[in-house]
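Given as structure tokens, the chain that follows is alone and in the form predicted alone.
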């Protein structure tokens, strides 16, 4: 029996968190190398496949486990505590999978594709960013062309995270050549249905293992692979919420591991000087409260999404969009002060690489949080909505 099959067999009877912890252990062993070399976290992703984590969101009748957004966010946190790049790959895969699960169930092709994802543990990537519009995912320049039963698409995708390593890419475009920039569709292209020409290399401060290179995408596929729902509906009802919540799960994991390292540092200092309050103890108490604030923010957002999923109108409402935007803004802005606190607690041992308390990778990875999607763009969208929508001030949600 191969190691992968053995892991899968063991995982079948274990809970999701236990399986994710096994993946995290593998991811953690390679996290520094993935970061230093800017390489894809292949060991962690193979472990995800072996533990069958790439299909957990898919309905049971299609071969998955019908995991909830809350369960998936918890796994993002577990993985984020070991390797943020591996966790982000997992989160982005699950974000794209949510589009299929929530909006592809009525299509025979997409249902069969979900069965194949579960069977083969395929990895999904996203191509929403485009040259000329940047990260404004609700607008496209490129347009898909449909001729008979076949569709064609060429897109200058300035970022496709782990695009060279994915088994399929879900890509946005205008619905036809004469469509408005916001009249978009989302299409699945399988690996053998497209070519990627690298145009931009991913050499960044943090999140280096996501390998988010830019590519010129050229694809040809059956037109049945276009999702039947408009992308505007997909974005409003699943993609934006799952992005903000699952990314926040990853960021919480980074911050939680930083605090755990700071706590270990203070405990080690306390053992050396029994009876004397160790330096950093008060800062540790402060950072604990900050971490709890992030947790509470994410948990509240998950609860709101779980409750709203039964009501399409509520999912598309301004109130829901504002709430999800606020979750993202708060979690992405809070994790940097948390890691800075942890760095002050650990001192030079946190600043140095290669110690049990090293926090350099955490700090660099965390800086991506305010840029994915740009907080300035999100705040601009929220401010526009607040011109016509009253802020919800109830504690009851």
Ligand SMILES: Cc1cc2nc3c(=O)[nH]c(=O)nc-3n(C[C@H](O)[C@H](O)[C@H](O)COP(=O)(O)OP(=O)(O)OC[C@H]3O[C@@H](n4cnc5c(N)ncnc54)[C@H](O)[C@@H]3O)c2cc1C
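What you are looking at is a predicted structure, and each value in this text was computed from that prediction instead of being measured. Positions refer to the first chain, counted from 1.
The same protein also has a form predicted together with the named molecule, omitted here; what follows describes it.
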One stretch from 259 to 267, 202 to 210, 309 to 317, 277 to 285 that, in the predicted complex, holds residues within 4.5 Å of the named molecule by heavy atom: 202 to 210
In the predicted complex, the residue from 184, 161, 94, 187 with a non-hydrogen atom within 4.5 Å of the named molecule is 161
With the partner left out here, check for me: in the predicted complex, does some heavy atom of residue 248 sit within 4.5 Å of the named molecule? no
Residue 359: heavy atom within 4.5 Å of the named molecule in the predicted complex? no
Residue-level question: is residue 24 within 4.5 Å of the named molecule in the predicted complex, judged on heavy atoms? no
The named molecule contact in the predicted complex: residue 134, any heavy atom under 4.5 Å: yes
Partner contacts for 356 to 389, taking the named molecule in the predicted complex and a 4.5 Å heavy atom cut-off: 368, 371, 372, 373, 374, 376, 377
